[in-house]
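Encoded as structure tokens, the following chain is the form predicted alone, with no partner shown.
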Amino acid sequence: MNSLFALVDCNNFYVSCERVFNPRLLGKPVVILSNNDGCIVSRSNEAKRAGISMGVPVYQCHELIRRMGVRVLSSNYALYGDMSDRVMETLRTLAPEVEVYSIDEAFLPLDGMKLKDLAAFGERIRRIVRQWTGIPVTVGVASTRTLAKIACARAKNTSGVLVVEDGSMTAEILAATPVEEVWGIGDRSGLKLRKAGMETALDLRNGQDNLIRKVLHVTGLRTAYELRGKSSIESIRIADKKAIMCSRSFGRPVEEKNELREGLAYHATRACEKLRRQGAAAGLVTVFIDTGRFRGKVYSASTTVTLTEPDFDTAVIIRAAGEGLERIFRSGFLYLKSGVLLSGIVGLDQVQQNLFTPGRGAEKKRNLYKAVDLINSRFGRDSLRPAATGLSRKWAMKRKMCSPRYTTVWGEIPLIRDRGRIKNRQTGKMIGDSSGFR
């Protein structure tokens, strides 16, 4: 039996998340901005038709945004992450296996599901995900993951579901797909393929193996096999990371060491959350600070602090980050960015204990942070946070147009208001008032 894969892709994901809780955005041009409200990272279809490009700095589009009445919002990562989890959990009720590829994409291996009508199954996915989460999705089905990717991209401009099984249909779609748009190729590899005479996905599929291997090595040959209908890519899974980076640009230039220390403590806290989620500990803590290249005096530096033993304790990592800052800080500069990199990562069962860390103490620490992470997951990020990350956080990135965190913070859940009185059908009496309730 041939393999089958469905790719489920959320449409304009960030914008769609905002529209779930703000229906007034439906049918209107909407764009979402990157960190510090810098560049456009998500657009509604209406914004695309208005001529707003992806990735451009928002200041370059001010006149177009004003003229077209585009709604501009800051990124709300807490909302997007939670909505992504809801979409993936919904997909797990529809298929026995879900390979999460990104925040808004997942592959569903369909082998063994005995589906009689693949198009109907795709429509069922779209209907249930929309009903349960409010997020519109597109579905592409094909014999390999790469072909499913291409089918899904094509489906966005058609009915929302595309099943590619027929050989002539596959050839037609591949002939209309530039080689750069094939999953895993990109502009640089696409340029090499074009120089070798392969301009479309169909050309790559029909290319000679020796030539493809010469141009793109074995990874390019795997892609060609995928285009020929032979599944050659192993299961897509989020692998354990060998290094974890957390960094951000500041919302304004930072000069004081204490503010830099707070920023690094914040990054260390976020990195430790990821580290514990992976069930691991880190032995090396690298910190860096940077002024940028285009404003005033230029300076950047980094250093690595080695821990006595690998650890996942946020307090330990923050302390190491502070030690690193003492080594590299220079006064008289305006810093624009800082970051923390955790490396030397090992599983918790591989940590070599020392004489001064009894096993019972380590277990107590695990239970403590398990409780902390659970509380932050349930009641919103930073419900419990280290004091070292600061209170006012004047250095925090700009998010002046951020929507509420509707699903992760109790104080920001949607408020429903009953603006009129309701008639009781049984008694005929008017009940209720104009008070709001959650």
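We call the rigid core whatever largest set of C-alpha positions still superposes within 1.5 Å between the two forms. What you see is a predicted model, and the numbers here were worked out from it, not measured in a lab. Position 1 is the first residue in the sequence shown; the rest follow in order.
As for the form predicted in complex with the DNA, it is not shown, yet the points below apply to it.
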Tell me, yes or no, whether E105 is in contact with the DNA in the predicted bound form, where a contact means a heavy atom of each within 4.5 Å. yes
Can any non-hydrogen atom of K149 be found within 4.5 angstroms of the DNA in the predicted bound form? yes
With heavy atoms only and a cut-off of 4.5 Å, decide whether S84 touches the DNA in the predicted bound form. no
Could you tell me if S189 has a non-hydrogen atom within 4.5 Å of the DNA in the predicted bound form? yes
Out of the stretches listed (22-30, 66-74, 401-409, 36-44), which one is close to the DNA in the predicted bound form, meaning heavy atoms within 4.5 Å? 36-44
Ok, A281, M198, V164, I185: which has a heavy atom sitting within 4.5 Å of the DNA in the predicted bound form? I185
From the list R124, K257, H217, R327, which entry has a heavy atom within 4.5 Å of the DNA in the predicted bound form? H217
Let me know which residues along 242-259 have a heavy atom within 4.5 Å of the DNA in the predicted bound form, or say none if there are none. K242, A243, I244, M245, C246, S247, R248, S249
Superpose on the rigid core, then tell me if the C-alpha of C246 is displaced by 2 angstroms or more between the shown form and the other one. no
Inspect the rigid-core superposition and answer whether the C-alpha of A175 shifts by 2 angstroms or more between the shown form and the other one. no
For L284, state whether the C-alpha moves by 2 Å or more between the shown form and the other one after rigid core superposition. yes
